[in-house]
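Below you'll find only one chain, the form predicted alone, shown as structure tokens.
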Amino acid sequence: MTYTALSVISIVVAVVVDRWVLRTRLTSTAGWWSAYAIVVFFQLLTNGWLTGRGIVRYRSDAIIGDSHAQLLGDGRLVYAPVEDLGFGFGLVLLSCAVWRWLSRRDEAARTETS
């Protein structure tokens, strides 16, 4: 399975978990998107530095574009493959959705005991 496929699957799974499994619906809130914009900014800085310097490399048959790191184009954004953004989105959304769901569960348990 390619990194591209895994990236798309991670986005779909994270959105399904957020909207219908845990029902946290973070993607419906402006607060989450504002926080995610901050995460993406620093993700691009970090990924760009690691990929642009050749510390992290990708096989050309696993990503969109070729294995040559460039600033923009050919499936790259700030040197990193666009798959990193998709995978990062899924990872951040899933983490935040689970965090929100656990917080709600703890609040409900405290309310029942008081």
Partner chain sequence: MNWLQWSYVAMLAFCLVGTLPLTHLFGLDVLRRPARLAATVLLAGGPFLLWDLWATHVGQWSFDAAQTLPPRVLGLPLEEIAFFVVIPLVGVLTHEAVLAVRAGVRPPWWPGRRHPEPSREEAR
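Residue numbers count along the first chain shown, from 1. What you see is a predicted model; the values in this text were computed from it and never measured.
Beyond the structure shown, there is the form predicted together with its partner chain, which is absent from this document and is the topic of what follows.
Taking heavy atoms only, is Arg19 within 4.5 angstroms of its partner chain in the model of the complex? Flag for Arg19 set to no.
Taking heavy atoms only, is Val78 within 4.5 angstroms of its partner chain in the model of the complex? Looking in the model of the complex, residue contacts with its partner chain do not include Val78, since no heavy atom lies within 4.5 Å.
Indicate whether its partner chain has at least one heavy atom within 4.5 Å of a heavy atom of Val15 in the model of the complex. Answer no; every heavy atom of Val15 is more than 4.5 Å from its partner chain in the model of the complex.
Thr29 near its partner chain in the model of the complex, any heavy atom under 4.5 Å? So Thr29 counts as contacting its partner chain.
Go through 52 to 75 residue by residue and record those having a heavy atom within 4.5 Å of its partner chain in the model of the complex; state none if no residue qualifies. Heavy-atom contacts to its partner chain in the model of the complex: Arg53, Gly54, Ile55, Val56, Arg57, Tyr58, Arg59, Ala62.
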